[in-house]
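The chain below stands alone and is given as structure tokens, in the form predicted on its own.
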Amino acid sequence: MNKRKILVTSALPYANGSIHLGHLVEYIQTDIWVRFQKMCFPKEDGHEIYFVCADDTHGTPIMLSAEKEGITPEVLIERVHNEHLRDFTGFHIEFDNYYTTHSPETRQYSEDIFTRLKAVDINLITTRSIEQFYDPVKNIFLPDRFIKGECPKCGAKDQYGDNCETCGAAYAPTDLKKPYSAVSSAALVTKTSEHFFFKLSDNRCVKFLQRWTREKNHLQPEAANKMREWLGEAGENKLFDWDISRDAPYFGFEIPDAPGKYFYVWLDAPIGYMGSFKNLCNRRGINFDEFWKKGSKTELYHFIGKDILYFHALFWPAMLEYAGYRTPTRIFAHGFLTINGEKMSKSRGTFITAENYLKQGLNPEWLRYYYAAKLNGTMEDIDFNLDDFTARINSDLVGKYVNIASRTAGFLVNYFDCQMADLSCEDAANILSQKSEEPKIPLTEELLGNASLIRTHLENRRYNLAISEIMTLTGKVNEYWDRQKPWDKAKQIDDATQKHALHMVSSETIECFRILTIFLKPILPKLAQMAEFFLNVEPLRWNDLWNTLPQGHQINAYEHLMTRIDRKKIDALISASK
């Protein structure tokens, strides 16, 4: 079997705010997929799977936030980095490396890619003069989000420099009437400055992207359709050159041989994937070029939000292609999060940070499971309904899955010294069959018969379908237990036949619990770890599905695995988030 070499990334969170539940849609989704891959293709068998990320640390907002706090940008981004990593760790998101774009490695590859694209034989970097708004009080050029004024279409006041929240119109900042600085409130002036541009409109880039976005399933169907809309068909050219520089003062990397000019944050942000991985390679002795050199046979996957598809599916692959690096194997885009059907809101208490969620004592795996039950591998938005969240966790995880172990373990502990029966014996099928009629199939075989389908759903990020299958099987295990009436068999424990049947039924149900634990482990890693201790087994891998617990295997006494959600905790979370 070929050894897989996989590099997975999540989009880089900006180092200017807290991680909230909307962010976690992406990081939980990615972590589930990476854990699933590592279960199927373990390191012990020679596979290499890495998950890297970093804080996106450059730009005017970082510089202004640090100035407002009276600290340096470096101090700010270090503090936020620690907060972000704390929150991700709290939700069991396990990076192989969580780094920063403000690093020598990211600088190295930013300068390298820029220099290659600028080279005479490539010639995809150009310069031109542009007019920009300038804040005469702060002495800085302002990005769109820090420019306000009257909408040129409807006249609404206090609108941002890119679109009107009143009428929805989109426009350039210079189209605003009575523009002013959102930082100092000063009236803005226009100044001319020379900027560097990546020539995305070059026919080479256009032809390459029209081909790349359509072939080899690089993009999901709906993302590929969006690219067609942006790119046009063969022979068309709808792309514009991309402004990749900013003027001092700016927190970022200065462009080589261009004093006072800095790389725009969106140039070095995706290069941060390379920087983070290079840092990991240096520490672990991994071959960086094997993963990033053009022609690489390794796999590269990016998980992103649909709002940054433009950068990842147009700018990024074009930059990599003409700078001599490999392009992504696939880009997986997801939708946004709504809460109770609406955008997150601080006034309603639904702008919930990761920190607040954990501080209220809510189990992070409740959220991991609920997101998994909603995610379907598309760019559709998902809704976090608080009532449904409570009901689903209490019903599925506590009422069904955990219930199997809690109600079964006592019989093995009390009557059989915690030891498993021989599920391979000749009369096992007769004792363990779910139905009275032929053919008689042990329930474990039905669960294993669905393993391939569940694996396919997890591979394709259709976690909702995987959860649906798993919970159907979990329901069948509980129905089987009820139908066997082990409590009646226990009353006749002096009867050898009844005792044997009780031992077999209890062991079969525990074996079903083990199989279900493997199915759920990428989604619920901490709960699976507790289940592994209860089962007294080594960390479970996907291939362990077919390694039945042998006769005489001794489980541990059952200890509580998960509590139900108390609605009071949800109410407290909402109050704390207002």
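Please read these numbers as outputs of a predicted model, since none were measured by experiment. Start at 1 with the first residue shown and count on from there.
The same protein also exists as the form predicted in complex with the RNA; that form is not shown, yet it is the one meant from here on.
Open item on the list: I'd like to know whether G449 contacts the RNA in the predicted bound form, with contact meaning heavy atoms within 4.5 angstroms.
Closed with: Because no heavy atom of G449 falls inside 4.5 Å of the RNA in the predicted bound form, the answer is no.
Open item on the list: Please determine whether D158 contacts the RNA in the predicted bound form, using a 4.5 Å cut-off between heavy atoms.
Closed with: No, D158 is distant from the partner.
TODO: State yes or no: in the predicted bound form, is some non-hydrogen atom of K569 no more than 4.5 angstroms from a non-hydrogen atom of the RNA?
DONE: No, K569 stays farther than 4.5 Å from the RNA in the predicted bound form.
Open item on the list: I'd like to know whether H102 contacts the RNA in the predicted bound form, with contact meaning heavy atoms within 4.5 angstroms.
Closed with: H102: no contact with the RNA in the predicted bound form.
Task: F351, A372 and K499 all contacting the RNA in the predicted bound form, non-hydrogen atom within 4.5 Å - done: No, the candidate spot makes no contact with the RNA.
- [ ] Name the stretch: of 133-141, 243-251, 382-390, 86-94, exactly one has residues whose heavy atoms fall within 4.5 Å of the RNA in the predicted bound form.
- [x] It is 382-390 that comes within 4.5 Å of the partner.
Task: Among the candidates F411, Y180, W212, F315, the residue which, in the predicted bound form, approaches the RNA to within 4.5 Å (heavy atoms) - done: Spelling it out, the residue with a heavy atom inside the cut-off is F411.
- [ ] Report the residue, out of K489, H81, R407, H218, that has at least one non-hydrogen atom within 4.5 angstroms of the RNA in the predicted bound form.
- [x] Selected residue: R407.
Task: Neighbours of the RNA in the predicted bound form among 442-464 [non-hydrogen atom within 4.5 angstroms] - done: In sequence order, R462, N464 come within 4.5 Å of the partner.
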